[in-house]
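Given as structure tokens, the chain that follows is alone and in the form predicted on its own.
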């Protein structure tokens, strides 16, 4: 894929700060190029950009209040993650063939019904209630076939895997 962005719909600054931050962190760590919120939230932006700056990787943050227009005019494919969608197991090989830009639409509160109509794909990682953070992680991992788990980031800080300790190495 040329570019993968995550559109976070229905972000509620008073309620969703931690969860939306986790959406951004998972998106960055597992291969997305950026996140777009449908409502401005400077604290989320600062948090996500700070992590990208310290741990590395090119990751963008944007705000688009006219999300309908964004989805309709997206020059690429759109995937709406929803527990009501088609099973990812039935679509994953088709989704991996997407070579152009990809917009992953991820709701917070109830997503307007029109999203189901305008998205190219409505995908479910399970047809049971679950976390949108988990759904995003599973989708990205399936799209990249686990390869992003091995990717190295060139940041100021690097976590060194350890069985017993927390080891963080600073860039020389």
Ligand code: SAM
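Keep in mind that this is a model prediction, so the values were computed, not measured. Positions refer to the first chain, counted from 1.
Note that the form predicted in complex with S-adenosylmethionine (SAM) isn't included here; everything after this is about it.
Between the options 44, 37, 27, 106, the residue in contact with S-adenosylmethionine (SAM) in the predicted bound form by a heavy atom within 4.5 angstroms is 106. For the options 52, 137, 124, 119, the residue carrying a heavy atom within 4.5 angstroms of S-adenosylmethionine (SAM) in the predicted bound form is 124.
Contact with S-adenosylmethionine (SAM) in the predicted bound form, defined as any heavy atom within 4.5 Å, is confined among 110 to 118, 141 to 149, 59 to 67, 29 to 37 to 110 to 118. At a distance threshold of 4.5 angstroms between non-hydrogen atoms, residue 82 is in contact with S-adenosylmethionine (SAM) in the predicted bound form. For the partner-free chain shown, nothing in 22 to 58 comes within 4.5 angstroms of S-adenosylmethionine (SAM) in the predicted bound form, judged by any non-hydrogen atom.
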